[in-house]
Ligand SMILES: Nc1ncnc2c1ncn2[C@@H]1O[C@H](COP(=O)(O)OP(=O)(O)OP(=O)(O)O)[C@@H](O)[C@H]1O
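In the form predicted on its own, a lone chain appears below as structure tokens.
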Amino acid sequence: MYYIQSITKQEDVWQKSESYVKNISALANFEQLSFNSPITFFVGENGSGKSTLLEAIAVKYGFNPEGGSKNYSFATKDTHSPLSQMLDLAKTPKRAKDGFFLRAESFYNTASYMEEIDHDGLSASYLESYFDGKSLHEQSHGESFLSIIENRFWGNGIYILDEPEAALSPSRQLTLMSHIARLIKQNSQFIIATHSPILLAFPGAIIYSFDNKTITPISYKETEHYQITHNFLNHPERMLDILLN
């Protein structure tokens, strides 16, 4: 089930803008992206624009720039780009019943906000109902990150994740894959920016690379993430000798 069908850059608005995003080659050179799978990955080197575009999609859909659901309205610092204003977002007729924008960068702020007030029309205590009364800040970063996905992602929704692996060990990344598979079976759609060669292996995913000054679909084994990890694990001594000597 797909809720976001495609995004298209508004060239007239783009040309008039003086934002720094115009200096990001991948964003300057793309016209449209389609989302024809329940899970889409954005990959690329640091600074390639993947998280910037992911954030813009989330904001355009109606999510809070720092994370959370559509009902979250907190802001600690206004740093998001104006890229969302330059995009047209095409939705499918099917309306998502749930949604969440989860980003490692501002996770602390999101977790804090979740503890301050009840959300999403729930009358019972949010933490008591969904996290056994345990503060998200009393758990490790990875534990609380997964706890939100396990307990707050309710299915039939659109979920946008920015570098979720930053909080997770390799084994917990596998756990995340299991949750993603469960939620996809519950008619959910994921768009994820990641550096994780583990997550990128998810079957049937579309992978968009932001390298080479454009945004292009590539296969899993074509990603630099797979190739570097594969070569290192197969030849660690040789690669370490090259790097260190």
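Numbering starts at 1 and follows the sequence shown. Just so you know, these numbers come straight off a predicted model, no measurement behind them.
The same protein has a further form, the form predicted in complex with the named molecule, not shown here; the description that follows concerns it.
Within 4.5 Å of the named molecule in the predicted bound form, a heavy atom is found for none of Trp14, Gln32 and Gln85.
You can rule out all but one of 57-65, 201-209, 41-49, 183-191: in the predicted bound form, only 41-49 has residues with a heavy atom within 4.5 Å of the named molecule.
Taking non-hydrogen atoms only, Glu163 approaches the named molecule to within 4.5 angstroms in the predicted bound form. Within this chain, His179 is remote from the site of the named molecule in the predicted bound form, having no heavy atom within 4.5 Å.
The named molecule in the predicted bound form is approached by His195, whose closest heavy atom lies within 4.5 angstroms of it.
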